[in-house]
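Just the one chain here, the form predicted on its own, laid out as structure tokens.
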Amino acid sequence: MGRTLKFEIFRYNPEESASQPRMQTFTLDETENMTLFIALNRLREEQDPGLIFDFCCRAGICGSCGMVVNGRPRLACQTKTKDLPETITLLPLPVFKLIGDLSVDTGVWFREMYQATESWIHTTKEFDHTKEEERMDNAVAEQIYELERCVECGCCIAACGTARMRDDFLGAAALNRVARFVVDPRDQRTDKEYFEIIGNDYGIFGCMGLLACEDICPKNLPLQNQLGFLRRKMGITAIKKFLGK
């Protein structure tokens, strides 16, 4: 006999003047291997077609279904109800602009982050389509691939104490992105140039080191290692800059 789940879901549509922020209760019979994605779709199809939430891939790849589940940022498609208590509270991710109910706009934040960190290969080499691709050491390529696995779900930003207090903080996703270019041999930027981007209190020195970002990352990215790597590199750069080197 399956459980009857109780869902406490945040409801608010800022596009409707009459809408007010509130919590709404739903009940649903649990089925085998049910995920929050399946449960939310059933609630929308069977009980309330106006329920707003995001999804796309249903496989933990697109990052669209990020939300706060019982106080913890998660991806709905990767979260099974059997791992949760009978009462499940769902809230939208903080920090990001609310679209409605459980849906937030992470796209604008990540686009601005890419611009702030200049998230592209900086090189003076001109592209020649007639030449072979540049060779890269396999270990370096794997390191870059590891950092590229971020699906931009926003969970790390939502869990970050500094990002919750300061809207100018770059956050773990941005710093992880910078680390990806630091290790890329094709990028010709110097440590001093990277320092101008993240060597400040809204960059790597603004991180309080709580590491909630790594704790909740649904892709298990090595964020702790990258934050430590950047903090050491930028700290050394700051000392050299102070000494005039």
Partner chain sequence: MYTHTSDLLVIGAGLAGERVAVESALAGFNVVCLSIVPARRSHSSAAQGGMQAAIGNCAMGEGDNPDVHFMDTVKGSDWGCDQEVARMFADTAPIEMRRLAHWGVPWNRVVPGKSTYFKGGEKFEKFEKPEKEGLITARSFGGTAKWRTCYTSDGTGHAVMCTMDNKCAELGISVLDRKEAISLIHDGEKCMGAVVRCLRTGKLEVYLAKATAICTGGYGRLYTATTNAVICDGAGNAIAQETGVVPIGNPEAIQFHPTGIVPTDILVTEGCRGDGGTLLDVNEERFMHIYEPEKAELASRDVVARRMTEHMRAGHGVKSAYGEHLWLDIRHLGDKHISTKLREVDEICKNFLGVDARTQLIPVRPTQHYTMSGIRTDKTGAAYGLKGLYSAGESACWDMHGFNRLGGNSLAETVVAGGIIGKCIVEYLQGTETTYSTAVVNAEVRRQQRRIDDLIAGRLGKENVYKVRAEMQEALMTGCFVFRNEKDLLTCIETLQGIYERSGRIGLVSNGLGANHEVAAALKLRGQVRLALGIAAGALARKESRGSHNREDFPARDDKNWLNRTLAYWPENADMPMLKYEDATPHFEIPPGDRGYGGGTIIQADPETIAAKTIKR
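All values derive from a computational prediction rather than experimental measurement. Residue numbers count along the first chain shown, from 1.
Missing here is the form predicted in complex with its partner chain; even so, the following discussion is about that form.
At least one heavy atom of residue 108 is located within 4.5 Å of its partner chain in the predicted complex.
Taking the partner from the other structure, its partner chain in the predicted complex has no heavy atom within 4.5 Å of any heavy atom of residue 173. Taking non-hydrogen atoms only, residue 202 never approaches its partner chain to within 4.5 angstroms in the predicted complex. In the predicted complex, its partner chain lies within 4.5 Å of some heavy atom of residue 56.
Residues 85, 94 and 241 are none of them found to lie within 4.5 Å of its partner chain in the predicted complex, as judged by heavy atom distances.
None of 52, 211, 69, 182 but one reaches within 4.5 angstroms of its partner chain in the predicted complex through a heavy atom, and that residue is 52.
Interface residues of 191-230, taken as those with a heavy atom within 4.5 Å of its partner chain in the predicted complex (partner not displayed), are limited to 219.
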